[in-house]
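Single chain ahead, written as structure tokens, the form predicted alone.
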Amino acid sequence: MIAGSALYQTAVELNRRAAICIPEDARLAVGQLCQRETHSLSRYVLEQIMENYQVAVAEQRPMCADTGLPRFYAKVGNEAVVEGGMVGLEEAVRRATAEATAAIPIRPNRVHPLSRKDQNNNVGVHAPTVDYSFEPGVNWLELTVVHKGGLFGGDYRMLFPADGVAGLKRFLLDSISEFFRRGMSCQPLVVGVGIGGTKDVCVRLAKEAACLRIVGDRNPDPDIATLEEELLELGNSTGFGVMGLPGDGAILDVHIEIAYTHTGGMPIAIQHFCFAHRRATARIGADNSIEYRGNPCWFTPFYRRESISFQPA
């Protein structure tokens, strides 16, 4: 049985790692962007970002003063047994979030939307968010924490089927021009694109695509993979650089996820995951062993299944 204490301890540590340690895939991508940058001011900013990554680890403090909004992604094995069930899991991560807010510390950003009541622990109504997916034939649980800002870099548009890929590209450019020119997305960043589903599913997929795939990963559908590369090239050809400055590019990667949708529309959502790429993952085994992992592996073949029944390869 996966113990509540193991969930709590892991969730506290994941919050610490996410706030302080940039994932290796994002760190390398920012470094490569810096090497390619020919604009002196943008290159200087990128160099300072890289130095900030190092200082955060050396001093064990958050890489950015705004630590975003902590949220959890739980991939639960179908055979997993969790002490207290999913209610126990959610209590563990809520306690861990409050503990991490005080101990790391991370900024208590969560407030009541109207009264602005602040409990100073990042816990409240629907906070922190916990999203679930399930995996057949396994008895472990994978927990990922993401500290993502909730202000800028998110957009949604309902297109018609006839708009096609050209409409998607136009939307991408509109989104970049809206947020990049003022540095409001804190670029360089990863762009997540959700296509299809209903509006809520579309936006969810865009956020997951941005936050839960590593830089350089490609969608297993070859046509979508090709489109990811096309959008990456298009986005980096605009002249927008880091933090609102002119530059050779500010997009580390583009990740696309799709869902079957209504025949009459083609909903599109875009989410930006900034250079403070706060993400950490751990797998908790049935024996309460803990393995920290660099890749969330959220988008498994089962998660992307298309047919009625799923037959693993």
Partner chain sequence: MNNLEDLKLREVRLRAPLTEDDIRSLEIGDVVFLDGVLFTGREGLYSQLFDLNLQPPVDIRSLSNVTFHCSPAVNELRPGEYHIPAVSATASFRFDKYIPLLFERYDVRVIIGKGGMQKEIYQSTFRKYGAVYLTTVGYGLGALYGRGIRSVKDVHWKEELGLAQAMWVLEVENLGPFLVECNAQGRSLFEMANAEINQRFEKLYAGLPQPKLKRLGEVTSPTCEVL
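Residue numbers count along the first chain shown, from 1. From a predicted model like this one, the values you see are computed outputs, not experimental measurements.
Not pictured, yet referred to below: the form predicted in complex with its partner chain.
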query	finding
Contact of P246 with its partner chain in the model of the complex (heavy atom, 4.5 Å)	yes
H39 within 4.5 Å of its partner chain in the model of the complex, heavy atoms	yes
Contact of L143 with its partner chain in the model of the complex (heavy atom, 4.5 Å)	no
Contact label in the model of the complex: N120 to its partner chain, heavy atom within 4.5 Å	yes
Partner-proximal stretch of 216-224, 78-86, 152-160, 132-140 relative to its partner chain in the model of the complex, 4.5 angstroms, heavy atom	152-160
Interface residue in the model of the complex among A74, M184, A98, A127, criterion: non-hydrogen atom within 4.5 angstroms of its partner chain	M184
Within 4.5 Å of its partner chain in the model of the complex, all of V45, P108 and S237 (non-hydrogen atom)	yes
Contacts with its partner chain in the model of the complex, stretch 165-179 (heavy atom within 4.5 Å)	A166, G167, K169, R170, L173, D174, I176, S177, E178
